[in-house]
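What follows is one chain in structure tokens, specifically the form predicted on its own.
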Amino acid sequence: MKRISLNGAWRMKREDWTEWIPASVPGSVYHDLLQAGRMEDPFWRANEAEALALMEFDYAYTRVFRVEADLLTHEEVTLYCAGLDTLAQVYVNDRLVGTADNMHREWEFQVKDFLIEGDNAILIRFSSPLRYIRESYDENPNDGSDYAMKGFPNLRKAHCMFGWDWGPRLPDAGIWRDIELRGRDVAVLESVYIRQRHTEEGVWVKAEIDCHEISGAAEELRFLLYSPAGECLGQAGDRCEILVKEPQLWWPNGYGEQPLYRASVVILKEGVVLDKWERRIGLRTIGLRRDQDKWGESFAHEVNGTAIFAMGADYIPEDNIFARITPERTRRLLEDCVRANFNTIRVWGGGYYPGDDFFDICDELGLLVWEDLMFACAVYGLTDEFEENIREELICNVRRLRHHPSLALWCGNNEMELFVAADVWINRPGQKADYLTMYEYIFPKLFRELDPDAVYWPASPSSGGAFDDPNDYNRGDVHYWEVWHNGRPFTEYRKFHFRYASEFGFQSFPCMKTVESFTLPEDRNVFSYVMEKHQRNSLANGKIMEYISQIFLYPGRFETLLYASQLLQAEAIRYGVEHWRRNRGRCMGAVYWQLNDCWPVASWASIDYFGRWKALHYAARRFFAPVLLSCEEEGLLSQTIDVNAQPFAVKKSARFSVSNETRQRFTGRIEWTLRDPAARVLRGGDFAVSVEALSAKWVEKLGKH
């Protein structure tokens, strides 16, 4: 296959402009306008409204590219677009070659008959997403989160671009992923599926290969497998297996190493390579342990036969302007996760399917990925056209990502089973039936075809589907928001033993340096207009103040308030995580909301937009430590937050626990001291402790009830 990249320098214009400005591909309208000085920083103060208005217009991208005669000798020439955001019409030499309406999928158009030898012109027009969602909602009213713009479910575009309770309303557009010409002959690789069979003699690795025949059949299909050291372990043909006799297994972070093998598939005709597929893979088994027990049903990732306690956070897009998300920036973020002892990342369903670099980095670092499909907090009209579109979306992304050892689970959507079951967003009876058809028939069937060895879970949260108590505390995964949204104290976490908490969180303000990036000095009050514009959750600043009143004295300075809010956030999440880790076995996951931000904002993130760690991320490094000493204290906070309650005898105690999330027994000593507010030691002691691998143990209790 001959590939000619069309990435690089393009030109861009708004529909009502006469002149073109320089543009870059991959990129976006906002990115190019900013680079050309044609718009103000949308993150500065309240500039968001002006930036939003820019998307009422259509935009066009164009460039000239040269075609040599040899490209036109290929039997088939296609234009491959890895990502068009979103409503696009594609022209080559002033002739329409195709249209697109889904940013989450790849598009490929036959263009040989449109090309000429020498200079050719390509033009891609992008229609206004704002105009589209308004007009489509009038015809097809599908609703979703109140934080996003009305009509957003009708467009297959990152939902959070239309606003969320942590993000701005900035629905960008453009050629956001690679674009290239492909010259092809005879046959090309349609897909490659790597499967593993773990036996006593080793691991059998098989490549299931599908070819697209253009004008005949390939002469040979060849599958080769290389060890992590680069040694060729063997080669085979289509649907043949290679035995790895002494396999080096891939493990999540904290449980073992992450050796990566290289799998290569080539298709040949008369000794000429027609197409090639090459990826890194990890040898491991992965599943979801769901066993009946005395509490209900377990829910745990299982890798190489070992139940994993998931420790991590929920990932959202790293920037509202996707062109600024780079592999280097992503690597820094994910390495920061490993520095804080994460082993799991949940990719939230209102953003986008991450690029290959994201998963490559997770493979290297040992981060299990819970991958939501891109459906979140909304209902959709399941027309024939919509069904065909989302089928292609899943086919593209499942084929692209299924080989990654870090991929732990595919999840149908974010929070929709929970809300649809309660008739939230439902405005006609058929929408409930459409929900079940999509997530419990169409999608499972596709996964049985495309990735039968993978885990598919219908929604988050869910107990398994069919609207059967979706947020059941004793089955499946849970989103718990009584702490924060409903104002319950931190100790409320200790009343619940969720099987897997995939969302729970607490807000804080970013640090002073980040606040300075979007404010003037007169804005620096948490209730100012600008600070409130960078706080998208209703009444949230007041909630932070209310919780501060329970834990701290009122901070006297703005900078101190920012810092206190971060300490508060760290304490809130610590209460939950330590409790669930103390109950390992019954509880098997603590994935907090959220890891990162897409702009400078007050939010639930533990790392802010600029990559600055909040206090929560420093705390995570401790409460996600492989061996954790924690203390369950009993005091005033755990009994009442009402300082004017009727007098009662306050119970005071401290109970220690050690959580050992390693595959070896832990033996050591615990040293403790009790200090007064001036740090004077009142009492102290030490004692030996021994904890079995992958377990938690209560070891000592001080004080009396």
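Just so you know, these numbers come straight off a predicted model, no measurement behind them. Don't overthink the numbering: it's just position in the shown sequence, from 1.
Below: the form predicted together with a small molecule, not depicted.
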The one option of E578, E503, D85, D608 with any heavy atom within 4.5 Å of the small molecule in the predicted complex is E503
Students should find that, of F509, W348, F375, F152, the residue having a non-hydrogen atom no more than 4.5 angstroms from the small molecule in the predicted complex is W348
is_contact(W604, the small molecule) in the predicted complex, heavy atom dist at most 4.5 Å: yes
Partner contact for R329 in the predicted complex: the small molecule, 4.5 angstroms, heavy atom:
no
Considering only heavy atoms, tell me if E318 and the small molecule come within 4.5 Å of each other in the predicted complex.
no
If we define contact as a non-hydrogen atom of the residue within 4.5 angstroms of the partner, is K445 a contact of the small molecule in the predicted complex?
no
Counting only non-hydrogen atoms, the one stretch of 161-169, 583-591, 622-630, 212-220 within 4.5 angstroms of the small molecule in the predicted complex is 161-169
